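Okay, so here's just one chain, in structure tokens, the form predicted alone.
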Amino acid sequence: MSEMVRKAGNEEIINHWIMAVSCILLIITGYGFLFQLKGVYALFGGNYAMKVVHNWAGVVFIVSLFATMFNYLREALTYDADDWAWIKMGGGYLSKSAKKAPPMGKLNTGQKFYYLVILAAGIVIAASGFSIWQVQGNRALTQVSHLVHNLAFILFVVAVPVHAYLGTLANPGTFRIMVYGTVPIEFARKKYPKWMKEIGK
């Protein structure tokens, strides 16, 4: 059996699943509200029940998102020459040549960008959602909050499936991080050489 290296701790794995499940609930219920789908209402026991699920799933999501800052924010805000080289070649995703992507740390440049976008959009969608939920009697604020909330929702609907695809089918071997927190050491040396050097592997 291949030697393994730990990339995520148990608390990180649990929090990732909490955020994923709450995000999926928010997307499903949000889609139901946006398009007034009675079938989705029925799935949750009616309009009011779905609203309760949506509101409290939002609370869980934003608390979970806040917790991720202790694991990812510092790394996501750290850039060097290899990150800029990654940006220039689009991480190799947009290139037809066999040019090798520059060495990456624990997060590659695309993952850093994705995290910062989700963090910013999460804060925006939480603030606008709280305004819709709690602020009464201010029509202008409610309308702006709905607009902002819906725009952020669209971003999530696009970004989350892409993230799920890149973390599973597009990169075989990475999904086990969400389950076990570990990856084979040779896989890690190939995907995260700078991080492996940092931890002496």
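Since this is a predicted model, take the numbers as computed values, not measurements. Start at 1 with the first residue shown and count on from there.
What comes next is about the form predicted together with protoporphyrin IX containing FE, which is not displayed.
Considering protoporphyrin IX containing FE in the predicted complex, the lone stretch of 105-113, 83-91, 70-78, 121-129 in range is 121-129 [heavy atom distance within 4.5 Å].
The putative spot formed by 174, 177 and 184 is not touched by protoporphyrin IX containing FE in the predicted complex; no residue has a non-hydrogen atom within 4.5 angstroms of it. Between the options 59, 164, 148, 43, the residue in contact with protoporphyrin IX containing FE in the predicted complex by a heavy atom within 4.5 angstroms is 59. Using a 4.5 angstroms limit between non-hydrogen atoms, residue 133 touches protoporphyrin IX containing FE in the predicted complex. With a 4.5 Å cutoff on heavy atoms, residue 159 does not count as touching protoporphyrin IX containing FE in the predicted complex; it lies far away. Remark: residue 33 counts among the residues lining protoporphyrin IX containing FE in the predicted complex, judged by a heavy atom distance of 4.5 Å or less. Using a 4.5 Å cutoff between non-hydrogen atoms, residue 23 counts as a contact of protoporphyrin IX containing FE in the predicted complex.
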